[in-house]
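Taking the form predicted on its own, here's one chain by itself in structure tokens.
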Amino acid sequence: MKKQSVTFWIGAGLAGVILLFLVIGCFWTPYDPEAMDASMKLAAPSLAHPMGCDPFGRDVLSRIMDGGTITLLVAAGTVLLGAGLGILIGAVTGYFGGIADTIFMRIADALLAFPSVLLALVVIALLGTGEVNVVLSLGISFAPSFARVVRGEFLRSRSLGYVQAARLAGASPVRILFVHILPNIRPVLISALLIGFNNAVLSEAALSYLGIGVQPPKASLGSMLAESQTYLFAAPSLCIFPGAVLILLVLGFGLMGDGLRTGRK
């Protein structure tokens, strides 16, 4: 088995375990994630509460399962929006070229000069906080990177034999773009989606950590890390468990994307 295949499957295993854990949180959690119990304030991990309780007596395991699900949904929405815009712009500019290509790519270059979180901060400042606005802000900021990747692949593919044959057969530009070329860049696109999802998870966690992402009383992995920093020594489990879930999730998707990327070389 090739090295990149091993890398991919290790990442898939890590991501799969964490995803299963978080998807279960969509349907069941041991306790109500928002239920408070003053008698369990900062309780240490136990059989009743395997990951302990937070400063408000809320079960940390239940909040990780619930908050991690929110993080996943925001990241998925971000990638769908960013990839949708990026694929459309990249396909059109890469295939047709011309003045539209020059204008859109210069705009993309300007946007890529700024970190995605910084661009998201600007959009959130205009739209306000909340999950929907986080998806909109991150999706818009991620679109240029997807457009860059797709444009490069369409530039390379538009002169290949199968595209020339489709033109001679009378296929329309739309059919050539989305029926002939797009399926043939699938490996590159899947790798970009995995890395984009990885970055979206980190960006959502960063925004929630700063207090401008998912708003209380809802949980997210980023907001839980922010809440835990005051209790690093009194209750280190508050930081360790959500941090471990975030690290393993990001590591899993990162290894999958890296495995696909190196496997094409």
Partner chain sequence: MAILEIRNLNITFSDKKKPHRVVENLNLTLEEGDRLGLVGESGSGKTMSALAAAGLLRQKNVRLEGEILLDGQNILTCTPQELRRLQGSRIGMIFQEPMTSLNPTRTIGWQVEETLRLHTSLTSEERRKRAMEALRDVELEDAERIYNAYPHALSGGQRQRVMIAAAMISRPKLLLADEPTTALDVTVQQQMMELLRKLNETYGTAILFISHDLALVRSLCSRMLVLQDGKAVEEGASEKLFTAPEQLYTRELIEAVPKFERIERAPLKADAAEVLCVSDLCAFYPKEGGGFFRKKEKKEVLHHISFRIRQGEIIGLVGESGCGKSTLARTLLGLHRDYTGTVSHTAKHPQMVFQDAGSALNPSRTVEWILEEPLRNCTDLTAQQRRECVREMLWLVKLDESLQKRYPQQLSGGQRQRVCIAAALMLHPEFLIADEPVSALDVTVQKQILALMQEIVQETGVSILLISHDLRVVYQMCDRVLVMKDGAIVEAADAEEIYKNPQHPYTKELLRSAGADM
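Fair warning: this is a prediction, and the values are worked out from it, not measured in the lab. Numbering follows the first chain given and starts at 1.
Separately, the form predicted in complex with the partner chain exists; it is not shown, and the next lines address it.
**Q** Just one stretch in 70 to 78, 158 to 166, 110 to 118, 132 to 140 has heavy atoms within 4.5 Å of the partner chain in the model of the complex, so which one is it?
**A** Stretch with heavy atoms near the partner: 158 to 166.
**Q** Using a 4.5 angstroms cut-off on non-hydrogen atoms, would His180 count as touching the partner chain in the model of the complex?
**A** Yes, His180 is a contact residue.
**Q** Contact between Ile99 and the partner chain in the model of the complex at 4.5 Å, heavy atoms?
**A** Contact check for Ile99: yes, within 4.5 Å of the partner chain in the model of the complex.
**Q** Whether Val122 contacts the partner chain in the model of the complex should be assessed with a 4.5 Å heavy atom distance threshold; does it?
**A** Heavy-atom contact with the partner chain at 4.5 Å: absent for Val122.
**Q** Looking at the partner-bound form in the model of the complex, is Leu127 within 4.5 Å of the partner chain by any heavy atom?
**A** Contact check for Leu127: no, nothing within 4.5 Å of the partner chain in the model of the complex.
**Q** Counting heavy atoms only and using a 4.5 Å cut-off, do Gly170, Arg175 and Asn184 all touch the partner chain in the model of the complex?
**A** Checking in the model of the complex: Gly170, Arg175 and Asn184 are all within 4.5 Å of the partner chain.
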